[in-house]
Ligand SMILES: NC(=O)c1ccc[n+]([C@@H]2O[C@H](COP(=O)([O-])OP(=O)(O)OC[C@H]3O[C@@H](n4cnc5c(N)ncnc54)[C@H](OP(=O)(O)O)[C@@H]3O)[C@@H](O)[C@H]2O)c1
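Below you'll find only one chain, the form predicted on its own, shown as structure tokens.
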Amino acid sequence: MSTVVIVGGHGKVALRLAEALTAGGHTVRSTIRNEAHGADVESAGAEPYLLDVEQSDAQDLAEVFGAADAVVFSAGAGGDGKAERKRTVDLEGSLKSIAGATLAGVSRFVQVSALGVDDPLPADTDPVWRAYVEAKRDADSALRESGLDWTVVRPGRLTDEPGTGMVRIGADIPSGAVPRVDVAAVIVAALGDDATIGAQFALTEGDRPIMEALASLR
């Protein structure tokens, strides 16, 4: 079994991912910026590690990553309405994590992005949404060029509906929703499938079992 570090460990996808990974026998370390979130992370089976990605540098992250087998970047500024934090968390946090993984010698890196961030934005797009889309787009581009063994997962609208294990995966698929539980399950499957290295794909709910959907990427 492997050790996985989740950056942004108190996020809703991250907590479900920790549960799924630990249920499979993996060891999980999850970064949090608020000590009060440690209990939630522990309840998900992971070891909380106090680190604010906005206030840290690549060396700090390299120390967290240590001898891990993989890093999953799942951090995001969320719906705080602050455009500048989309850059400092969603983009710069990813860039620091990529550099930290490189320093630590951790080659496997999965990034949670968002569906449609490469699409052109209308001129009247809300500035906060524009900042979010551009941050995710640029972070994905940086990861693709990093030289790491990367995978970019771009889920559609996230829901808290029960997972079905049935998804749609592809480079260009229609927008749609997907349960966070199923996003976590896809990430776990991707971590265990070297054929997903170098793959960037959108993800929504669908009609194919996860392993079958991932196999379609080949």
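Given the structure is predicted, the values throughout are model-derived calculations rather than measurements. Don't overthink the numbering: it's just position in the shown sequence, from 1.
Here the subject shifts to the form predicted in complex with this ligand, a form of this protein not shown in this document.
J.: Pick from 67 to 75, 139 to 147, 118 to 126, 97 to 105: which stretch has a heavy atom within 4.5 Å of this ligand in the predicted bound form?
T.: Correct option: 67 to 75.
J.: Counting non-hydrogen atoms within 4.5 angstroms of this ligand in the predicted bound form, say which of Ala58, Ala189, Ile173, Leu51 makes the cut.
T.: If I apply the 4.5 Å criterion carefully, the residue I get is Leu51.
J.: How about Ala202: is it within 4.5 Å of this ligand in the predicted bound form, going by heavy atoms?
T.: Residue-level check for Ala202: no, no contact with this ligand.
J.: So, in the predicted bound form, is Arg180 in contact with this ligand at a 4.5 angstroms heavy atom limit?
T.: Looking in the predicted bound form, residue contacts with this ligand include Arg180, since a heavy atom lies within 4.5 Å.
J.: In the predicted bound form, does Lys12 have a heavy atom within 4.5 Å of this ligand?
T.: It does: once this ligand is placed as it appears in the predicted bound form, Lys12 has a heavy atom within 4.5 Å of it.
J.: Do Leu158 and this ligand come within 4.5 Å of each other in the predicted bound form, heavy atoms counted?
T.: Yes.
J.: Can you name the residues of 87 to 122 that have a non-hydrogen atom within 4.5 angstroms of this ligand in the predicted bound form?
T.: Read in sequence order, the residues that approach this ligand (within 4.5 Å, in the predicted bound form) are Val89, Asp90, Val112, Ser113, Ala114.
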